[in-house]
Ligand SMILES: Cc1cc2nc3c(=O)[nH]c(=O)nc-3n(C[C@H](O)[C@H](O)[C@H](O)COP(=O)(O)OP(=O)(O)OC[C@H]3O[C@@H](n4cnc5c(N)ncnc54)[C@H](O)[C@@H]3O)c2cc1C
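In structure tokens, one chain follows: the form predicted on its own.
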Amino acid sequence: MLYELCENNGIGYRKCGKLIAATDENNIEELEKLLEKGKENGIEGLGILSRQEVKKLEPEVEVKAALFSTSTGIVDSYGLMKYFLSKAKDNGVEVAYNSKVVGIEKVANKYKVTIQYPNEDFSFLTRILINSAGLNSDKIAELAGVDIDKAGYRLHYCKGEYFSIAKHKFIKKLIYPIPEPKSGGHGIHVGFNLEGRLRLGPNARWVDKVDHKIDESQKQDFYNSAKAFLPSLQYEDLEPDFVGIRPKLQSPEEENVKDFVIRNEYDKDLGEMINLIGIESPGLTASPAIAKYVKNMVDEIF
């Protein structure tokens, strides 16, 4: 859906493909598991490539084997967000910047939402309340009366840092390591933007608060991780880039990965409140599909 939306609205994207790299013979079995899981989920264009086949695609990359996903791509995320904002405004949406939700109260069959604004507080009534507040979505649910610990909605922040690669490497496909879900991320991988600028990341570090400052002491870990499948990489090639924060439902102590939440809270006496909580990368890449899913939920209410 995202590719189609970009194609129809002039939003930059590239279907470049992705390699999930096994740098050790013992990891090849993990590739086979990922291949089967992908097929079960209906993903087309998946296959395992040998070292020689990978070399033909990416001469700079050194692996024992790799899972090749032909349908993976990159998108101009800023262009996508500007499109969504413009489309929303065209549809009559009002965006309130520099504002904070400080109260949510059920009044008869509606919700009274109180907003703290720089100059004054104000409130409005709505029949349907959609909570898609990202890093603060658990706090919004709690304001509405949800016991977030009982519901399993409390978020745990996982910081992801990126380092860019100063000297250009001729990489045409995204290169990922074997994922380690228990670590909180997919592992440090090689990516690039539409202009071809290469970057490494993200790593995964659990933090107590939102902080977008990059820790340059992580540079050695980035270098060690990428060097395993990009042997020509030099330590001095790396430069600090940017930071993102993942809103995870999985705590650092939990081994099992928790999927994100999209649900109407009828069973909590909060019918017609739709919570979207713990959504990481799919919040961007699956945004059209998520929107369609939520729209269907709204249509059911009416």
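A residue's number is simply how far along the shown sequence it sits, counting from 1. Please read these numbers as outputs of a predicted model, since none were measured by experiment.
Same protein, other form: the form predicted together with this ligand, not shown, and the subject of what follows.
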Answer yes if any heavy atom of G244 is within 4.5 Å of a heavy atom of this ligand in the model of the complex; otherwise answer no. yes
Can you tell me if K110 lies within 4.5 angstroms of this ligand in the model of the complex, counting non-hydrogen atoms only? no
Counting only non-hydrogen atoms and a 4.5 angstroms cut-off, does K100 reach this ligand in the model of the complex? yes
With the partner left out of view, is N136 within 4.5 angstroms of this ligand in the model of the complex by any non-hydrogen atom? yes
Which of 145 to 153, 128 to 136, 221 to 229, 82 to 90 has heavy atoms within 4.5 Å of this ligand in the model of the complex? 128 to 136
Partner-contacting position among I140, I165, I188, I175 - heavy atom within 4.5 Å of this ligand in the model of the complex: I140
Can you pick out, from V294, C16, I11, I279, the residue that has a heavy atom within 4.5 Å of this ligand in the model of the complex? I279
Is any part of 281 to 298 within 4.5 angstroms of this ligand in the model of the complex by a non-hydrogen atom, and which residues would that be? S281, P282, G283, L284, T285
